[in-house]
Structure formats: structure tokens, C-alpha cells
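Take a look at this single chain, the form predicted on its own, given in C-alpha cells.
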Amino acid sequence: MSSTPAWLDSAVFYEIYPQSFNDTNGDGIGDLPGVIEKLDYIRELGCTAIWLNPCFASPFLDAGYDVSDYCMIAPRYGTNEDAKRLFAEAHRRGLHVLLDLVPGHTSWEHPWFKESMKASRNEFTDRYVWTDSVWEEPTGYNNLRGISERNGTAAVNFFTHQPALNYGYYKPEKPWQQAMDAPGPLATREAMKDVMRFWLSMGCDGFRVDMAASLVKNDPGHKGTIALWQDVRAFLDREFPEAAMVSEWSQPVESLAGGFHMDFLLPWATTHYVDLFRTDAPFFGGHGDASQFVASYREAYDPTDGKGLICIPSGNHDIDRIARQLDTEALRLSFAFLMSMPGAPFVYYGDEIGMRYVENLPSVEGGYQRTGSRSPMQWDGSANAGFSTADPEKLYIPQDPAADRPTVEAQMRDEASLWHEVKKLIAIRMAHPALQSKPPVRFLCDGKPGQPLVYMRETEGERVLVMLNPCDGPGVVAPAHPMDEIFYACGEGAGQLNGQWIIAPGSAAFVKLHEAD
């Protein structure tokens, strides 16, 4: 793996779902000028980087994850010049911007796919995964067939309208399964490099890569996919060595071997991420269990040997809002956790004010149960919560209808609000190197039922003890030294008793540890 761009060492990301963030032209859909308008807000919160969900041309059957032109901003968001201005304005404020790259599939409306459907061979015949007969399905994948003059069936990666791009098979087993080094798969790889080159040359700082492990087919252990990404990393090291790469993979040993700098901890059952925030009895709700999360995290973290980062998000566009299961006090403890763990934390837009999951919404652009987490940002008490001047029925997704819905304006006025707590925690992370991305974590108490979650972060010249206790009773957590210093606390905090640190119920505390005498 190449060296990590220095700015990632202390990065805190803000994820923007562009269609729901800020609408400047009154059509009910957010846009890039709206993102530019709110850059000062993101900087004031303390975030240093942005992950922008897909904003490329698309028929929007899957909210932009079905790309029809990788090198064109969707007109509903603005223009390529708006994107260029966004990068420049972000950089002027010391912010970095990652675009969301979807390399595994396109929309069925992409010109590449339309050409690949033709019976006569052409430049794009092998750009997608096709069987050689309409009667044969690609084993293990959903498919499209009976839609073209070409005699074959096309594999799809997710929804029916998302045909899989062809990066080859690690172990070809049938005549139509092309090897990774066949001309078609290599051309696909080079086309994706061209896409990356286009946006990096315009000023973007890197990519969050959707379904990064999905590219090479029949690929046990993702050996072929790792090799593919190593080739991409070599290209970036030659031409754009500062480009940051974040993978949606959730196997950091694999993704970091492929040359990614960071890997997302995804809300899969095996990660136990949902145990913390999103079960019926979440750990941070006070009556859950964090121990399986700790075991899973260590299993993923320890083999990386400090060579990369695991990113833990507050949420994202694919999962329930963190506030669906947690009240404000539990959210404070959750953000104390998010801002004190290794890796770059990601704040999903609106989570900093506790935006709620909007229940019982019909699906919008393939959102289905995810739609309730994608409602428009709530800026103030004006019409449409300041998101748009459009008629309410024209909004991209209906907003939280509750009279007490949280807004940025109200919380910025209230020093005791969640917004101020998140801002404070980000500032604390920035001020303490031990709490930033790279320093290792050592768990002292793993949050079994009724117990706190406690861990140590340490770097040269600084050791920090993090104590998080959402439980009903106090926790005895670690030996104390009279010179130890609490520099952050919420709830009743922590205190020393008989040479031990005691963390109060419903509390968090960060302690700068005194060096042993």
C-alpha cells in the first residue's frame, strides 16, 4: 500500500447525500451549489473532509448508484463547472472532497451497455459480463436477458437495471467467462482509470468506492480483486499519489492489501456494528452488549498491524438513522465513541442534530426501507426546514413532519444541544493526537451486559483512557493516578475511588493518563 495522505491522519468526514442536503434552485432536490453554500457550516462543525454520494448522470432508479455517464454531473445537481468550483471552494477552506465511485456496474442506460447489447462485435462487446446464450444464466448472479439482439444473458450486481461491468473471472470455468487479463476486462479497468483521472484532474481528492470487493468474479478470497486494485493503486501512485481511497469492503486486511487507505466497517451481522446503535437493545441505549463488536473489531483490526484505517460511520444512506433507537443522551455517548476510535470517523448529514428516521415512507429512487434515512436536511424553522423553497409535495423525499423536529438553527443557539456536543468532540479529537486516526486501540473492558466499554489510545507523548458507560450502574474500569486529568466528560462523568477510576451510569469520560512514577 502507498503512504497515506497526511490529511487523513486527523480527518473527520461529513457524508452528503446531495439530493437531500440543500436546494438552491427551488426544484425540491439538493444540488452542488447548495453544497458549496454550506461548506462554512461543515467547517464550523469541525469536519475536515466530505464524502459526496453519487452525483453523476443517471436515470436515478437507484439514487445515482446506476450511472449513465461517469464524466458528467447529473443536470439536477448542476454542471461539471459546479463540481470544479466545489473542489476549489472546499480546498480554500481546508476541506477535502471524495466522490463516490461505482466501478462494479452501470445503469442499463449507459451508452457502453447499449453498445454491448448489439449482435455485431464492437469496442464494448466485452465491457459487461455476458453468457454466450440467452438460455444460460450467469451462476450466482441475477441477470438481464431477452432484451437485446445479442444472444446472451447479462449478469447484474444488484438491482435488475445495474449490469455488471466485466473485470474478468479469477477462475474461468466456462467459455464465456473471460480471464482477468483478457482484452475486454483490461479495457474495462483502463476505462475506470480514465474516469478517476478525469475527476482527480479537476480537483477531487479521491474516492469512496462502492462495492469494491465485487469486481472480479469467481474470486475466492478476493485474490483477483486485490490484484486489480493494486494495479489501480500503482496508476494512482504514478499520476495522483495524494489521491485518497476508501473502500466499501469490510475486510480491511484484503482492502488494505489492495492499496486502499481506509475500509468501512459495514453494518453486517458479522461486524456487530448494529449491536452498538441499531438493535432493539443497542449497547449505547443502556441495555445491550458490545463484546461481540469488540471481538469482531479486533479480529479485523489486529492483522492490519497499523498499516491502514477502519472507518466507523455514525450512519449512512443505506441504514436506519442512529436516532431511531437512541435518545439524545445515548447519542452523546455514541459520538464520544465515534470520535475517540481509530480510523477516520464519518458523520452522516443530520446525525449531528439527531435527525430522525422518517417512518412509513414509500420508496423513492430504489430506497425502499432506506428511504426514511434520506429525508431532506433540517436547517431552520422556515418552510421545508430551510431545505428548499419548493412546494412541500415537490420535495425529493417528505420531511420529518413532527413539530419538534430538530434543526441546525435551533441547536446552534442551544449550548446544551447535541450539535454543540458533536462540535466539542471533534475539536477534542483534533487537539489530542492520541485520539486521531492512526494511534492504536487497546480494549480494557469490552462492554458485556451491564459493563462499560473502556479502551486506551496512545501515541508518543500522550496516553488517553476512554470510558463509556451507558449502563444503569457505575463501572470500575482502570487503575487511577492522582495526576490523571479528565479533559472531557458527559453525564456525571468519572471519579477516583481507592486508586481506581469509576465511571458513572450514563456517562463518558476521556482521561489523559499520567506517566507512571
Ligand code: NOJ
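Fair warning: this is a prediction, and the values are worked out from it, not measured in the lab. So that there is no doubt, residue numbering starts at 1 and follows the sequence shown.
As for the form predicted in complex with the named molecule, it is not shown, yet the points below apply to it.
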Does the named molecule get within 4.5 angstroms of any non-hydrogen atom of residue 329 in the predicted complex? no
Answer with yes or no whether residue 248 is in contact with the named molecule in the predicted complex, where contact means some heavy atom within 4.5 Å. yes
Considering non-hydrogen atoms and a 4.5 Å limit, does the named molecule approach residue 126 in the predicted complex? no
Close approach of residue 162 to the named molecule in the predicted complex, 4.5 Å, heavy atom: yes
Tell me which of 58 to 66, 28 to 36, 452 to 460, 482 to 490 has residues with heavy atoms within 4.5 angstroms of the named molecule in the predicted complex? 58 to 66
Just to confirm, with a 4.5 Å cut-off on non-hydrogen atoms, which of 211, 397, 274, 186 contacts the named molecule in the predicted complex? 211
Exactly one of 110, 374, 222, 429 has a non-hydrogen atom within 4.5 Å of the named molecule in the predicted complex; which residue is it? 374
Though the partner is not shown here, which residues of 316 to 347 have a heavy atom within 4.5 Å of the named molecule in the predicted complex? 317, 318
